[in-house]
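Heads up, the chain below is alone and in the form predicted on its own; it's given as structure tokens.
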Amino acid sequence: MNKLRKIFATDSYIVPLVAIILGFLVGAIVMLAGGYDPIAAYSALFKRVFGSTYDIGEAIREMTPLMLTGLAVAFAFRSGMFNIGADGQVLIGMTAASVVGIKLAALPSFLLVPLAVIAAGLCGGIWAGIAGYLKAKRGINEVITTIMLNWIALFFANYIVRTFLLIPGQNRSEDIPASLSMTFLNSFFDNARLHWGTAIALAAAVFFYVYLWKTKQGYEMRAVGLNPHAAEYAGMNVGRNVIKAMFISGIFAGLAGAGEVLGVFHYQSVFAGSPGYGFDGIAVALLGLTHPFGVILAAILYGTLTYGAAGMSFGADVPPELIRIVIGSIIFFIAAQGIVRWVLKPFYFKRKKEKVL
């Protein structure tokens, strides 16, 4: 039994891959039960994503906020917390970037864009830091506070837009002159809305990995996440690490907000409800097993499925909501790894016998 566990540990990268395959199989079964052709549906999905350079660019654009919100949730999780508030932190980041971009529009672009991005990251971090402070100083569960802060962020962002940024007679802010758009690549991708937020997301993943696994501060955060009592006994400041972890987590989410308003829409709307970026980020973090590079790969998969869902609807007359079943099934199999290992078990035994022979 111990040998079998060693084999599974060595080939642990296979488990997520099999979970993805099983998710697609579950989706196919549901489509067949509904009278749809799964082969046509999946073909239409991937044709939608890879059918043209424009679609590839737009799919990358779809993946970008998922990368950053996934990193936000994963960073907090690695530090022992569950950040449900990435959605609110995205909104606060969007609002901060909009305020700086519009109110300081007279500044030259090479100053205005970095200022707007930095403001978005810092404000997202401060917003998440509120939950971290309440956790560290008052012992209040961060799940409760981050959920509540999501709603506060929604109405606060709408208040700022309506009071200071709104175009009279419209339900959105003025146009933001600051832009994260990759103009040199947009033309190559038929004017798809690619922006520098993608590069920021990749850099954030590298920072995540280096900080948590290669620095003393990261080691302390992981130690606090694994066992706060043992970390405190070892002389680590648990409260400070909790606040710092939530602050950094919020920075990632705030940067996602900056990418959306500066790189995609170039204005901020008055939202009727949550945009949902943060909640999708939870799914991406789980799919990526809360590892930064796993999160990037999970965001690519999630963004591909999300963007390609429209192709299923138009190309194969399959309801795009069915893609949520596929995503949900993949998350289920990732979470219930015992099922995946049970499916793989006969293959491992077969391979073991072949080695003996």
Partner chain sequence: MDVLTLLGQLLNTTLVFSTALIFASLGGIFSERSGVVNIGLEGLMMFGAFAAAVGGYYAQEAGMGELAPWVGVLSAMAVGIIGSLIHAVASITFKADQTISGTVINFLAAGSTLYMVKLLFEGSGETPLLDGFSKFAIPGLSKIPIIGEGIFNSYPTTYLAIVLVIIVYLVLFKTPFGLRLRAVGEHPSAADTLGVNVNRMRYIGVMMSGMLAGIGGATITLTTTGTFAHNTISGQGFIAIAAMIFGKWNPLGAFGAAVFFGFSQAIRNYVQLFEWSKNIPQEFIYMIPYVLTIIVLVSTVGRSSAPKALGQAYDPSKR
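Remember, it's a predicted structure, so these values are computed and weren't measured experimentally. Numbering follows the first chain given and starts at 1.
The same protein has a further form, the form predicted together with its partner chain, not shown here; the description that follows concerns it.
- Of the heavy atoms in R138, some are within 4.5 Å of its partner chain in the predicted complex.
- Not displayed here, its partner chain is kept clear of T304 by more than 4.5 Å at the level of heavy atoms in the predicted complex.
- Within 4.5 Å of some heavy atom of its partner chain in the predicted complex lies at least one heavy atom of L149.
- Contact check for I282: a non-hydrogen atom falls within 4.5 Å of its partner chain in the predicted complex.
- Across the options 138-146, 257-265, 209-217, 196-204, residues that bring heavy atoms within 4.5 Å of its partner chain in the predicted complex belong to 138-146.
- A heavy atom within 4.5 Å of its partner chain in the predicted complex is found for one listed residue only; from P38, G315, G294, P320, this is P320.
- Of the residues given (L134, A192, I126, I118), L134 alone sits with a heavy atom within 4.5 Å of its partner chain in the predicted complex.
- Contacts with its partner chain in the predicted complex, taken as any heavy atom within 4.5 Å, map within 312-333 to V318, P319, P320, E321, L322, R324, I325, I327, G328, S329, I331, F332.
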